[in-house]
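Below sits a lone chain in structure tokens, taken as the form predicted alone.
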């Protein structure tokens, strides 16, 4: 069907408005990060910096103490915790999803998994804190990896099951007829076919763990385990707040997930769409 001129104008206007709504906060964050401190406190607000100041980025990348040490330590911890939890959750979610999709595992159990992520995080804090404290595991990245894995596993299992459901079962049956075991079939047949779904699940799981704040705030207290969301909150503490530094940390914190999203864009789109069509 051909669109009329009015429909085309309305469609493109909505696209432009959505793009501005999405990009404008990011552009303002970048502008704040390179603005002089006086520009950020002027009334009325100065939208265009009087001078461009990139010194904050240099300070954040300087490991010799100060804000650079805090930022780089938090960046390392975020990569370790989000990446580690994503890898472990996928290793557990793929066979679990295959069991629900191909082996007739009880859907009641799957819905019970999903029910765990519907509870407010604060309900788990007291038992988790008591347990980790008893084992001496507070303020460790390993603790966050365990918590994030438990948080990501139901979501990853559900998303992987939806994508395995639409894979052709005849290919797996042919492998079984040739004498292949279940583990071999999953490794050599299912995983290559489900690669887009794995990439999409990994990316979304990584983003959830990367942005998590509540558990990281409760279970960490120094540079050895604090993640970026907590570190950003620390940058705003104190009598004088440098909004430019906070904006610079925010810009730097968005780069790793943005780079991953760009690199795996094709897999993410196809993986998310694959689970929505069956037959």
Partner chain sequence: MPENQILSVESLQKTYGDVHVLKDINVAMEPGEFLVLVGPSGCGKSTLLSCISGLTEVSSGTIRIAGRDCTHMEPANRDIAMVFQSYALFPNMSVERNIGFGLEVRKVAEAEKKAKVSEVADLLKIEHLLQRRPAELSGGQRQRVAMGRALVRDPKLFLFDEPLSNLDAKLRVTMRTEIKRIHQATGASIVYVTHDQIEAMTLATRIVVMKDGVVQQIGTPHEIYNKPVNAFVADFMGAPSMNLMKGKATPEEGHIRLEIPTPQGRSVSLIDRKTPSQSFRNGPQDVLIGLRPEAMTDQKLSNGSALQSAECLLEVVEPAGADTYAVIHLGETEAIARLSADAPVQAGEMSSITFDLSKVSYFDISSGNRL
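Residue numbers count along the first chain shown, from 1. What you see is a predicted model; the values in this text were computed from it and never measured.
The form predicted in complex with the partner chain exists for this protein as well; it is not shown, and the discussion that follows is about that form.
Interface membership of residue 142, the partner chain in the model of the complex, 4.5 Å heavy atom rule: Output for residue 142 is no: heavy atoms all beyond 4.5 Å of the partner chain.
Residue 136, heavy atom within 4.5 angstroms of the partner chain in the model of the complex: Residue 136: no contact with the partner chain in the model of the complex.
Contact flag, residue 175 vs the partner chain in the model of the complex, heavy atom cut 4.5 Å: Looking in the model of the complex, residue contacts with the partner chain include residue 175, since a heavy atom lies within 4.5 Å.
is_contact(residue 189, the partner chain) in the model of the complex, heavy atom dist at most 4.5 Å: Flag for residue 189 set to yes.
Interface residue in the model of the complex among 72, 87, 79, 180, criterion: non-hydrogen atom within 4.5 angstroms of the partner chain: Of 72, 87, 79, 180, the residue with a heavy atom within 4.5 Å of the partner chain in the model of the complex is 180.
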